[in-house]
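So this first bit is one chain, no partners, the form predicted on its own, shown in structure tokens.
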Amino acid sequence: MCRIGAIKSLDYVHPSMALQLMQSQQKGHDNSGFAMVMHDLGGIFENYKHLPTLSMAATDEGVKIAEDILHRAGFQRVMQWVPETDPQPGLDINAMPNYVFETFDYPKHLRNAEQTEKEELLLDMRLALRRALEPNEEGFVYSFWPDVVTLKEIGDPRDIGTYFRLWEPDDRFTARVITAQCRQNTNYDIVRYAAHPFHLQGYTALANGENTFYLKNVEFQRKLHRGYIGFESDSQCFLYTLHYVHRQLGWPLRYYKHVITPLPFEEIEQREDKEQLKAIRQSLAHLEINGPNTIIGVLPDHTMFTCCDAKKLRPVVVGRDEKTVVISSEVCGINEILPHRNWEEDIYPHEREIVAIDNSLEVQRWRQ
């Protein structure tokens, strides 16, 4: 199994906290990769929250290709952060030549456009960059979105942290929401795009487990939206369904659970909203998931949540103190970074609920 975790704080926190969260769960993953997505950025990115940041790993030629495409489209770079790496001998990391974190201003003709128009352009640009870089593996484009930074790499998570100098807190590189996973994809080839978390238009998802309805999901999702691509991992389906239900259909988050793990028909018949639930189950049956899994997600408004499969076959726990809420595959991860919390307030979500945390750190439990 892989291990997943997420941190949401009233204060800006450094990725070293995410590494500590995952390190204590080391026996539950195989040290083949580490990835994280940071939302609600602080540090050097704090003044650029309204502008998109490109997160990419690439060769020298890949960087040139990407920057040329963005320049021709009218994007102007306003800020660039290059991580100070520490390539000491013996590190287990399959490093790329360049790691790009660049913030851009929109093309002049779109600076006063509607937000939806900007968001669709950002998706189209990320897809164009990926298509241009894929044939010769010149680079990997993980996100191109405001207030979001993504890092993915193959290797031992401890060594990845050492290489990027992430073990020592640094106020220049922080966020209020960080999701992280240790272990690479186990069903298919080990490739960077297969590493959780996955990001699309402000939505992030990561999972521990497997989705045995993967092929059914994929066949349906390919037809739903141009952004539903890749499918290097069966868990990408969780992100695409979240995006479809919440953004494309405009439904409240609590209906996500009704789509991926619908209630049995005999239970639906006992509910006041039975007509709606039957319509969901009948029309979106191909988005149902199966198999043991736990999902962690983040919405564009930075709401963080978790939910489980219909039989609760994968573990997850939610712990908190006054300023921070943590979701983790194992409680030892929370013990590591929140040792002084009230453990009696820990939440072990059951199979019929979504646990959501808003920006005031209010924890809500929505029963299916």
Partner chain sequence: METMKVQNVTPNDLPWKIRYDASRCTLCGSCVSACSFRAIECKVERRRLIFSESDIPEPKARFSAVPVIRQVRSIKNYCRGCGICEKVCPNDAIRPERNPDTRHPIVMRCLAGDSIKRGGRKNLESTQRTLDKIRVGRISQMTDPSLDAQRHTFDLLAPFGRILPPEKLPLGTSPEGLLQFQENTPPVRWIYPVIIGDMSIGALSWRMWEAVAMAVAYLNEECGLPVRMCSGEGGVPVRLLKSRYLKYMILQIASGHFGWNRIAKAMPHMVEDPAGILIKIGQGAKPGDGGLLQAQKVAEHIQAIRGVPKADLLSPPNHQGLYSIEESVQKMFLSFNAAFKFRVPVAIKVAASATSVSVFNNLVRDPYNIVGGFFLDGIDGGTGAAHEVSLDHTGHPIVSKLRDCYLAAVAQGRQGQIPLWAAGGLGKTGDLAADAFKMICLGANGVFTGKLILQMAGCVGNDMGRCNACNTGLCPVGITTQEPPLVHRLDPERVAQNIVNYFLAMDTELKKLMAPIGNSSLPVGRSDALVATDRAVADKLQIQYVC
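Note that this is a predicted model, so its numbers are computed, not measured. Positions refer to the first chain, counted from 1.
The same protein also exists as the form predicted together with its partner chain; that form is not shown, yet it is the one meant from here on.
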Please pick, from R165, R281, R247, H225, the one residue with any non-hydrogen atom lying within 4.5 angstroms of its partner chain in the predicted complex. R281
The one option of Y255, Y99, F173, F104 with any heavy atom within 4.5 Å of its partner chain in the predicted complex is Y255
Can you check 135-143, 67-75, 195-203, 259-267 and let me know which stretch has heavy atoms within 4.5 Å of its partner chain in the predicted complex? 259-267
Complete contact of K216, W251 and L313 with its partner chain in the predicted complex (any heavy atom, 4.5 Å): yes
Give a yes/no on whether E275 approaches its partner chain to within 4.5 Å in the predicted complex, heavy atoms considered. yes
Is T85 close to its partner chain in the predicted complex, meaning a heavy atom pair under 4.5 Å apart or at it? no
Heavy atom of Q80 within 4.5 Å of its partner chain in the predicted complex: no
Using heavy atoms and a 4.5 Å limit, would one call G230 a contact residue for its partner chain in the predicted complex? no
